[in-house]
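Here you get one chain, nothing else, as structure tokens; it is the form predicted alone.
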């Protein structure tokens, strides 16, 4: 089985971290293809960055889909471009935010999300409503750690994330924690041990869900919302993007 894991930003060190998390979670025999766009924002922090990252993300989805991968993971907790990717891809596509929230709801009555910056909270809350999990999420919290700070050796990011987890357990009544950024993936195991609760990391969750979908032969429905794009003349860099749909 081959899984295409796309980091929608252009930071290579984060892609390497995501690849390590995906490979650690994958079952034996699964090949992880971890990629990033060549153009776009170095991190995704809010709606503007998200919009600029989607063309590059879709290019990576299309290239891998044409290569015959068995599934795709979008490794941004905002689930950047997820619906568009499902439209354009034949293989199943799972976002790490959606995957982590669903798995947290399977192991806890209520969970809290600990993300990076406050500006990301509205988007994550909106996604939880879409996924039908808003009532299971006690709160979406921000550690106020910029995404790129997670890539800096010696950063105090982990300390601030841990502090927010402590508040979530004490104040929110959370029974599990979801880490709200792919750049936090390497913290999950030690934070779970530290606090004694499930700490769900989205890259691992999404890889296992994609493996399950592929193994069961389940692909995205191509009627209704995720039907292929209608034939029309796309221009500029988008001209060849949908020729296979």
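Numbering follows the first chain given and starts at 1. Remember, it's a predicted structure, so these values are computed and weren't measured experimentally.
Note that the form predicted together with a small molecule isn't included here; everything after this is about it.
Only one of 77-85, 99-107, 166-174, 132-140 places residue heavy atoms within 4.5 angstroms of the small molecule in the predicted bound form, namely 77-85. Within this chain, residue 115 lines the site of the small molecule in the predicted bound form, having a heavy atom no more than 4.5 Å away. Using a 4.5 angstroms threshold between heavy atoms, residue 44 counts as touching the small molecule in the predicted bound form. Contact between residue 147 and the small molecule in the predicted bound form is found at the 4.5 Å heavy atom cutoff.
Using a 4.5 Å cutoff between non-hydrogen atoms, residue 182 counts as a contact of the small molecule in the predicted bound form.
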